[in-house]
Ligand code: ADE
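Below, in C-alpha cells: the form predicted alone, a single chain.
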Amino acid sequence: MSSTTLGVLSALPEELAHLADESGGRTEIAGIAFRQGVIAGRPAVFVECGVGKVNAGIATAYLLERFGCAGLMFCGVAGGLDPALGVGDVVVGTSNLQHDYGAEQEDGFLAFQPGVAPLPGVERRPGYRLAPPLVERLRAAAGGLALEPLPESVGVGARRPTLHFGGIVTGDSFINRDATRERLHREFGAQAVEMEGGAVAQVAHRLGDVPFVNVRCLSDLAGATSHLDFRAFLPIAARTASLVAHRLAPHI
C-alpha cells in the first residue's frame, strides 16, 4: 500500500459523495475546494473539479503542484460505447484519449495527441496508456470484487454489474446520439466516453508522468435516451464507481 498522497477527482457532487473525507482540512483555491483526508488508508486530496476538460485540467494541476500528489484517480460516471456493456458496469481505463482534439478533414475527423499541431505529416499517436505493471497491480487488486446488483427501481432488469479494463475517450460534449456512439466505438475501440479523463491524463503526463487511473461506472449508453438515463442512474452509478475506487486507491 502506498503512503504517498493520492489526488481524487470527480466532476459532480453525486460522484464525490461516497469518496470525500475532510478530516485533514479544506483549502479553497480559485474557487475550488480541496479536501484533505484518507481513502482506503491512503492520504488523499479530494476535489469536485466540475464538468469538462478545462475544469479537470485546472484541478489536476493544483493537485500536483500545490499538494504534491504522487498519483491521481478520477471516479465518476460515463456513457457506454461498447454494446457488450450495460448500465451499472464499471470501466477502469487502461488508456485515455481525447476524441475531439484533431483535424476536420474531407473524409472525416482525425484525432491527434493534444498539444501536437493537427497538421498533415505530423506524428499524432493519440492517447495516454497506463504502464503495464500498473495495469497488472490494478487487475490483481480488483480480483474477486463483486459489485452490488442493480435495484429493480433502475428499470434495466435484474443484473449484477461487471468490472472491465479498457479504453476510455474524452470530449467536451455529452453524447446523446446513437450514430456518434457507434462512431466512437468503431474508431477508437473504447468502452466508455466522458468529459474529463483525457485532460487529467494530459496534465499528469506533462507534469512528471504521474500515474492516473480513471474509474467510470456507466450511467447511460450514450445514445438517443442518454439525457434521460443519466439523471435516473447517476446516484447508483456514482456509488458503484466509488466501491471500485476504494479497492484500487492503495495501488496507484
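So that there is no doubt, residue numbering starts at 1 and follows the sequence shown. Worth saying up front: this structure is predicted, and the values here are computed from it rather than measured.
As for the form predicted in complex with the named molecule, it is not shown, yet the points below apply to it.
- Using a 4.5 angstroms limit between non-hydrogen atoms, residue 77 touches the named molecule in the predicted bound form.
- The closest non-hydrogen atom of residue 168 lies beyond 4.5 Å of the named molecule in the predicted bound form.
- At a distance threshold of 4.5 angstroms between non-hydrogen atoms, residue 109 is out of contact with the named molecule in the predicted bound form.
- Of the heavy atoms in residue 173, some are within 4.5 Å of the named molecule in the predicted bound form.
- Stretch 173 to 181 is the contacting one of 125 to 133, 67 to 75, 173 to 181, 110 to 118, since its residues have non-hydrogen atoms within 4.5 Å of the named molecule in the predicted bound form.
- Distance criterion of 4.5 Å from any heavy atom to the named molecule in the predicted bound form singles out 193 from the list 44, 193, 199, 47.
- Out of the listed residues 56, 222, 204, 213, 222 is the one that sits within 4.5 Å of the named molecule in the predicted bound form by at least one heavy atom.
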